[in-house]
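Coming up is one lone chain in structure tokens, specifically the form predicted alone.
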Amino acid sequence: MLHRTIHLFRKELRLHDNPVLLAALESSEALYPVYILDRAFLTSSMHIGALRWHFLLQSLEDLHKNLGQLGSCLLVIQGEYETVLRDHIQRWNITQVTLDAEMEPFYKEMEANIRRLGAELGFEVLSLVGHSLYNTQRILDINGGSPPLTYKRFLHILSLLGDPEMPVRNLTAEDFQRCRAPDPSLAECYRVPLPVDLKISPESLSPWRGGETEGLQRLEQHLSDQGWVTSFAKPRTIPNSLLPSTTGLSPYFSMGCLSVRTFFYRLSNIYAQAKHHSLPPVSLQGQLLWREFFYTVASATPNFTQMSGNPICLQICWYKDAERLHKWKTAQTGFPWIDAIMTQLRQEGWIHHLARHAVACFLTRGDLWISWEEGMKVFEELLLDADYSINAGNWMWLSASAFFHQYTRIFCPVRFGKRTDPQGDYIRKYLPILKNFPSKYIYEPWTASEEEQKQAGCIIGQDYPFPMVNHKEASDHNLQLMKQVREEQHRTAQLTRDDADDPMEIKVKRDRSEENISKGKVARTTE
């Protein structure tokens, strides 16, 4: 018997490589494509901020348009998940609910509740994996039921699993013609809301527009330059380039507007035609595998997004300083490189991964010694590509709470940015108050004379703040704190430690570091 199906879009906001939507179409006589806009869930569980709201609504509008081209439509129903489902399952005589399988605790709980509702009301539930390269449970099973805690071990497990499943075929109008579409009046009743309908500020400065159509266009644009694809090495990209020096596809993967399996196999085809190409962990495919690594660890680690009760995370007595945290968040640290990054984040919802490294190190082990959980929450609110697993994993990494062990490498908030943008063009764009400073002062405007500050039209301490800390003193002190923590919690630190050095990290002043190591000293490198 063919089903009457509600297909629930959650994160797979696309029509290409959507295995559970394809299965729904093949098993149904009537299909209702539904997105439940549960505002309480999105704000409490996902902590979605204004820019991400814009991106989500744009993605839903694009999905509605693409469904319309195939003879269907998207129904956006506002309300609490269970209430909406209970009402419409009975109203539409639904016999099946299909949805994308996700690994976050709040999505797992939602699926469990839907299955309980199915048992009560008599409908079937089908969920399939489509947001990751692999079913993370298969990786856990091969690893004895626990997650591989190092990238090296993770790659070994993948070598036993083989390549990911191929993307499923594209959907066609014929697929939808076999199912009865929702009545057109429903599309008007359950239209995609505008930002103003949700009392969200209509202004959005982000250059990233949401949706599958935009994501696929960006994908094709990058893949057309096969030389760039084959030679891509993530550590060699530029954090303060005025245009993204990486793909900038992460928001589309995060929301499911783009399929990671599609990207993986398109890359494989390009690599197969090249004499030489970069390899994991720094290649483009390597970036997808890092994503998969964090997804796998997060799926089976209790309290992954917090320090307390997290078995792989060092337990650190971070400072609680609301004023300093606020200065960091609002780009008032007095370090132009840090403040420019935080300004770009707030305005556009995206920053380069090395820029993320710089501001995360500054907040945590580098300068302010404030918990990575606080930084994670800010990124969760402001980043378009905010992701439960990757966000928490990277914050643990960058605070040296887990995964990363070369904790003596501390990013200098002056020299790091200057290395790739000595003229300070990035700072001039995002901190226009400093744009008239000569290049020799742009990263350290407090070193300019009073007369030079007047000529630049910016008095430090009045128009732009003095540095909130002495970087050398703060980082030296924090380095000793971290060294003590790691000695006291050696067993926890070793859980996520690979035998080899971290291959992702940019290494500068390397010769001096290696010379010190060869003499038996611990080398501290500011990058």
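In this text, all values refer to a predicted model and were calculated from it rather than measured experimentally. Residue positions are given as counts along the sequence shown, with the first one as 1.
Separately, the form predicted together with the DNA exists; it is not shown, and the next lines address it.
Between the options Tyr271, Trp290, Tyr265, Phe253, the residue in contact with the DNA in the model of the complex by a heavy atom within 4.5 angstroms is Trp290. Just one of Asn394, Thr95, Asn310, Thr136 comes within 4.5 Å of the DNA in the model of the complex, counting any heavy atom, and that one is Asn394. Although the DNA is omitted here, in the model of the complex all of Lys152, Arg236 and Ile410 have a heavy atom within 4.5 Å of it. Comparing 181-189, 400-408, 436-444, 98-106 against the DNA in the model of the complex, the single stretch with non-hydrogen atoms within 4.5 angstroms of it is 400-408. Although the partner is absent here, Pro167 lies well away from the DNA in the model of the complex, with no heavy atom inside 4.5 Å. In the model of the complex, the DNA sits within 4.5 Å of a heavy atom belonging to Leu354. Not displayed here, the DNA is kept clear of Arg86 by more than 4.5 Å at the level of heavy atoms in the model of the complex.
Remark: Tyr295 does not count among the residues lining the DNA in the model of the complex, judged by a heavy atom distance of 4.5 Å or less.
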